[in-house]
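Single chain ahead, by itself, as structure tokens, in the form predicted alone.
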Amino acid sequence: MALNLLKSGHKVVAYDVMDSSTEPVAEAGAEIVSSPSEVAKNAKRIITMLPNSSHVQQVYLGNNGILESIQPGSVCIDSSTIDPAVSQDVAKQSEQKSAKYLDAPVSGGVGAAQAGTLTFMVGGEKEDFDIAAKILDHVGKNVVHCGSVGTGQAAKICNNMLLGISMIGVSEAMNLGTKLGLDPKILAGIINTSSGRCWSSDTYNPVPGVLPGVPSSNNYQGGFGTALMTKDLGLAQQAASATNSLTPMGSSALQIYRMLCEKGFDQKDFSSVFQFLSEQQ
């Protein structure tokens, strides 16, 4: 995302706890600073993307955090996938600093981030969304205003619950088919031109060798980690409990991904559920 902003002519001031993450953008011309607070001192349009709610709270509200030195009139765009209530709380505290905060989680994965074709689900006031969209249009293909702060997170949680369910379903079908003697490429081709077609099969197939350039064909390295999928499915179940929404398949998906983490798949891509299933006797 930062590289695409640089390519579109924006000045980028960046920070990450991992120096290796900032090296490519530094080489492309970004200024690297020593803390989130330093970013806020040097920029009024701020994009963050962090693993979970506690990280967002630390980066925005903690020592050397963004709100410690944020400039009045700044617009913060948080592309983390977190609890909607945390987004709403950070938005309120940003407002007290005369700044705006929008939740804008993304979908599309590493490939879409590199290609600048991400989908952004944005929650915030319409006038703030219009400001944010002018920036996000340089790193995404679909920038959607979902409503007030927190609704972007709601949309992402629903999407990722469905994604986790569908990946398990595709993995079960592909595992069954191959054990019945079908060539996985032939089976995938049939599914992808039939009623079972979905993104988890035609774009991100979990079987090694079916598609090039996806994690399953790279020993499940890269992509979207199993631990992160487990976290998102947990957020979905929290939301389901809070709204009395029945989500039996979402609950089952969470239990399966928790088991994968316990079995050592936590750092592998979430499509590694196929590998787990195929190894069971």
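We call the rigid core whatever largest set of C-alpha positions still superposes within 1.5 Å between the two forms. Position 1 is the first residue in the sequence shown; the rest follow in order. In this text the structure is predicted, and so the values were computed from the model without any measurement.
Beyond what is shown, the protein has a form predicted in complex with another copy of the chain; the following relates to that form.
Scanning Ile131, Leu211, Ala113, Val144 against another copy of the chain in the model of the complex with a 4.5 Å heavy atom cut-off leaves one residue, Val144. The partner is absent here; in the model of the complex, the one residue of Ser54, Ser34, Gln255, Asn218 having a heavy atom within 4.5 Å of another copy of the chain is Gln255. Using a 4.5 angstroms heavy atom cutoff to another copy of the chain in the model of the complex, none of Leu6, Ser21 and Ser74 count as contacting. The closest non-hydrogen atom of Leu277 lies within 4.5 Å of another copy of the chain in the model of the complex. Taking the partner from the other structure, another copy of the chain in the model of the complex has no heavy atom within 4.5 Å of any heavy atom of Glu95. Of the heavy atoms in Glu262, some are within 4.5 Å of another copy of the chain in the model of the complex.
For Val207, no non-hydrogen atom is located within 4.5 Å of another copy of the chain in the model of the complex, even though that partner is not displayed. In summary, the region of this chain contacting another copy of the chain in the model of the complex, judged by heavy atoms within 4.5 Å and restricted to 132-140, 177-185, 74-82, 98-106, corresponds to 177-185. For the partner-free chain shown, Cys198, Trp199, Asp202, Thr203 of 198-234 come within 4.5 angstroms of another copy of the chain in the model of the complex, judged by any non-hydrogen atom. After superposition on the rigid core, the Cα of Lys11 moves by less than 2 Å between the shown form and the other one. Residue displacement note: Ala113 has its CA displaced by under 2 Å between the shown form and the other one (rigid core superposed). In the core-superposed comparison between the shown form and the other one, Asp183 has its Cα shifted by at least 2 Å.
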